[in-house]
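Here's a solo chain for you in structure tokens, the form predicted on its own.
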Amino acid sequence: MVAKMRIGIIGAGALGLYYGAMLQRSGQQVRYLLRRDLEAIRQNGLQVHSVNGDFHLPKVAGFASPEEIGPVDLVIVGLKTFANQQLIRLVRPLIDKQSCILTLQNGLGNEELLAAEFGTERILGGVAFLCSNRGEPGHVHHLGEGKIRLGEFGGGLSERSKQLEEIFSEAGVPCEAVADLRRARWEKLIWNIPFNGLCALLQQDTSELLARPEGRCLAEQLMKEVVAGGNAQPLREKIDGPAFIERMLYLTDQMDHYKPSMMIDREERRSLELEAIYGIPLQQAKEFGAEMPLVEMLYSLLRLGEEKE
């Protein structure tokens, strides 16, 4: 029997709203920290538009502050990493003796930040392969994918991570507990670094980018650099670069004019998650002797765009 948990969602954007809704629909007790969507959700509930079937949650526990949420068993963090200076303050009121924290944020450095404050033993990380966007307040659009791979920040395949795998799977979210979270994070970067960055910089969606030979070639070259950067890390098992890149390109080809989150953030003149997705991975690659010159150039161009605005 799947355990019932009190779950707090910090960062209830497209990712947090979708996964929270799926967990709530399966019977979990979910509490959401909300801003833009707060009044709409309090009045009308949460509407999920999904490729797997739409559904509506008429009653949603939405709160304006973490203090109102109070202690929970599991904190799920979906906050954009450019807001990480607020992360500890937002999470602290949700923590008691038994609480654990699962960060589903992009990039690297998030688990370290949380572990420094709350202890390594509380921290899990996960990578979400999710195509989702926010709609009008109180609406979230699930466009495809949705799988989560999660694991202990301290390493190893724990009973706790297996329990979370079961909880997400029961909720209709494909989930895999992994022993090597570092490897899973670098695998996600193999997609995130080229497609988030190039789509934001060029203001072209994934279909437009891959339709041109130059775009496909550049994406592939960036992916090769990230594979090399990842494989320079102390992974339990090296990433099979050619096979993984081929699969990522195939899956991206199936995304019909998908706009990655960073492209949307640039369109709406919001900050980009540059340090977690580019700065810290570049630093960690260099620490283990791997250079990623194309990634570094993309990072610089994206930073120039930020400074201009």
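Sequential numbering from 1, following the sequence displayed. Computed from a predicted structure; not experimentally measured.
This protein has a second form, the form predicted together with a further copy of the same chain, left out of what is shown; the following refers to that one.
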At 4.5 angstroms, heavy atoms only, are R247, L249 and M255 all close to a further copy of the same chain in the predicted bound form?
no
Check G215 for me: does it contact a further copy of the same chain in the predicted bound form (non-hydrogen atoms, 4.5 angstroms)?
yes
Taking a further copy of the same chain as it sits in the predicted bound form, is I167 in contact with it (heavy atom to heavy atom, 4.5 Å or less)?
no
So in the predicted bound form, does any heavy atom of Q204 sit within 4.5 Å of a further copy of the same chain?
yes
So, in the predicted bound form, is L90 in contact with a further copy of the same chain at a 4.5 angstroms heavy atom limit?
no
Between L209, I239, L130, L104, only one gets a heavy atom within 4.5 angstroms of a further copy of the same chain in the predicted bound form; which residue is that?
L209
Would you kindly say which of M22, I10, A290, L298 lies with a heavy atom within 4.5 Å of a further copy of the same chain in the predicted bound form?
L298
Partner-facing stretch of 113-121, 195-203, 178-186, 143-151, counted where any non-hydrogen atom is within 4.5 angstroms of a further copy of the same chain in the predicted bound form
195-203
